[in-house]
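Below, in structure tokens: the form predicted alone, a single chain.
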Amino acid sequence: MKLMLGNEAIARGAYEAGVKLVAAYPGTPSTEVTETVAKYDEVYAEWAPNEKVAFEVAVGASYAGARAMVCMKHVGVNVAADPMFTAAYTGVNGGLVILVADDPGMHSSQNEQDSRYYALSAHIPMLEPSDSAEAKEFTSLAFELSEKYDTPVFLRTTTRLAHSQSFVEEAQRREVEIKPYAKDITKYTMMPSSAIGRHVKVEERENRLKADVESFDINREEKGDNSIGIVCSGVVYQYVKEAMPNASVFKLGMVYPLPIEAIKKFARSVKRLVVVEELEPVIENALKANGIECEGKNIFSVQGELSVAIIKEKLLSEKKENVSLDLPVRPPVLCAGCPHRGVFYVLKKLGLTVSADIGCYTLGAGAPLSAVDTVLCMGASIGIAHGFKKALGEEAAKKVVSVIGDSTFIHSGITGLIDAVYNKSNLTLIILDNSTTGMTGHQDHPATGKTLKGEPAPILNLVDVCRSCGAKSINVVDAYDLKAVENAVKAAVDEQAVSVVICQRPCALLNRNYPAPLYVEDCKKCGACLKIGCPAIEKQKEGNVIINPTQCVGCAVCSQLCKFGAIRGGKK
């Protein structure tokens, strides 16, 4: 027995099931699945530029006859949806599992979408484990179901399951022979004449699953007090069992399709039926559509996470007393020495409207930087800035700039740049190149020179990419040099064509061999250094500032703001 994160258990389950290939783009809370798989020498694992490419790579491996898995967070499914919907038509050869991690409560996401709707819409079966042991077991089962029913299979988790630990019993890897590939145009080539026939196959497969799911042992009835029956799945099952240990429970391991007849039988055995589920009323709506009287979202919210306390309050009227703690607010901030900080300081100073993107640099919206105006989704910063300019006119929108990170630019920013060039924009694009995928924990990407397994790889040159896309002006500057950043941005904004400024400096957490911390001597209390919001700079009650040597990484950005020379390098 071994204590494992849910993500680690999924990786172990894929390994034991004989997976040959795993592809992904990092996205919290799913990232550790692929990072853990990469430690197994028997499995090929890669970071792809985005989720769509990762999905296509996994599909290719499946068609070739190998077991494959693709991993992403919920918003990543949006990116992968194009190949995903059609892969439901083609079916598989080797088993194909789609790991998707939803994020109720939006701990690290820009929305709270429910991936169960994708299963419903694409007609792809979905499993949902409730702890790490089931995460491993269900991953193996997903491959078996995929091959049995000729379909991709979703494995859905949420943040709490992905990042909580429980005991898992490990087993030996089962080597699964690669299935022979046989050319079959009607199955694998989705032009209309083939797709029409494959859609019929999808319906036949789903009808077979709906019949078979009634006897799947991963869906089970746990009899208890018949005054209330609860239908639930995933980590919510753990909350229900702790909050109401005596209640009758119908635990779902497969959330699409549902074992409707088994639930009908369960419903007849209890006086009141309640569906307890996070986010949308997916299960509740399905039960009501099948004539099963139940409650659900009339009791629980469609927003945020559930908990033992919430279930007790809503179903048992046991309201937990709120304990008021007078604690300081601690909003997330850019790390000390973050190369993005000085860039955002400059953008605010210049009074620019900033269309930003998904990454650590989203924190540029927070005080005191307060530089970011818009954030939508991966890669959208470029299209939004371009839209501003075309709506308002190039001159009126001259001060609108786009900011994107190196990994996000590769993920989905390149096409936006091509669009701006093609449609004759005078867009200014600022690429914050910190040599990593910082927000999700420092994963490599095509411009870092290393693969997921740490092997040397060709380095994608961002300057060459931008030039190939048609950018007329490309300027590379040190992100720590505020004057250089300011001059480059000013020049770029004045260009009459697409211009790019690449602000380079590795993430401060990549290499901890920092120079000596800075210190303050004879502070004039002007507060200029506080405008960048560095957590290493602390304001004293008397109004003067000090630099915390345990936090300072010696980047010296703050010293460029002090007009009095009070911030100095070297040990005092």
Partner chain sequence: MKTNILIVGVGGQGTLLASRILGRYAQLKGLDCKLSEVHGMSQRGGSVVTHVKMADKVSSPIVALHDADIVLSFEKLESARYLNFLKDGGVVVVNTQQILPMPVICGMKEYPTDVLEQVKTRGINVVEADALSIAESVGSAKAVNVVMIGALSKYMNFDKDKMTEAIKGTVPPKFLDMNLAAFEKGYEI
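Residue numbers count along the first chain shown, from 1. These numbers were taken from a predicted model, which means no experiment stands behind them.
The following text describes the form predicted together with its partner chain, which does not appear among the structures shown.
**Student:** Looking in the predicted complex, any heavy atom of Thr28 within 4.5 Å of its partner chain?
**Tutor:** Although its partner chain is absent here, Thr28 would touch it in the predicted complex, with heavy atoms inside 4.5 Å.
**Student:** Looking in the predicted complex, any heavy atom of Cys526 within 4.5 Å of its partner chain?
**Tutor:** Looking in the predicted complex, residue contacts with its partner chain do not include Cys526, since no heavy atom lies within 4.5 Å.
**Student:** Does at least one non-hydrogen atom of Lys320 fall within 4.5 angstroms of its partner chain in the predicted complex?
**Tutor:** Yes, Lys320 is a contact residue.
**Student:** Under a 4.5 Å heavy atom criterion, is Ser473 part of the interface with its partner chain in the predicted complex?
**Tutor:** Taking the distances in the predicted complex, the answer for Ser473 is no, it never comes within 4.5 Å of its partner chain.
**Student:** Spell it out for me: taking its partner chain in the predicted complex, does every residue among Lys241, Pro331 and Leu530 have a heavy atom no farther than 4.5 Å from it?
**Tutor:** Per the other structure, all of Lys241, Pro331 and Leu530 touch its partner chain.
**Student:** Just one of 230-238, 252-260, 199-207, 89-97 has heavy atoms within 4.5 Å of its partner chain in the predicted complex; which?
**Tutor:** Among the listed stretches, the partner-contacting one is 230-238.
**Student:** Have a look at Arg160, Arg116, Lys187, His123 for me and say which one sits with a heavy atom within 4.5 Å of its partner chain in the predicted complex.
**Tutor:** Checking each option against its partner chain in the predicted complex, the one that comes within 4.5 Å is Arg160.
**Student:** If the cut-off is 4.5 angstroms on heavy atoms, which of these, His107, Lys314, Lys148, Lys490, is the one near its partner chain in the predicted complex?
**Tutor:** Partner contact (heavy atom, 4.5 Å) among the options: His107.
**Student:** Can you name the residues of 419-442 that have a heavy atom within 4.5 Å of its partner chain in the predicted complex?
**Tutor:** Sequence-ordered list: Gly438, Met439, Gly441, His442.
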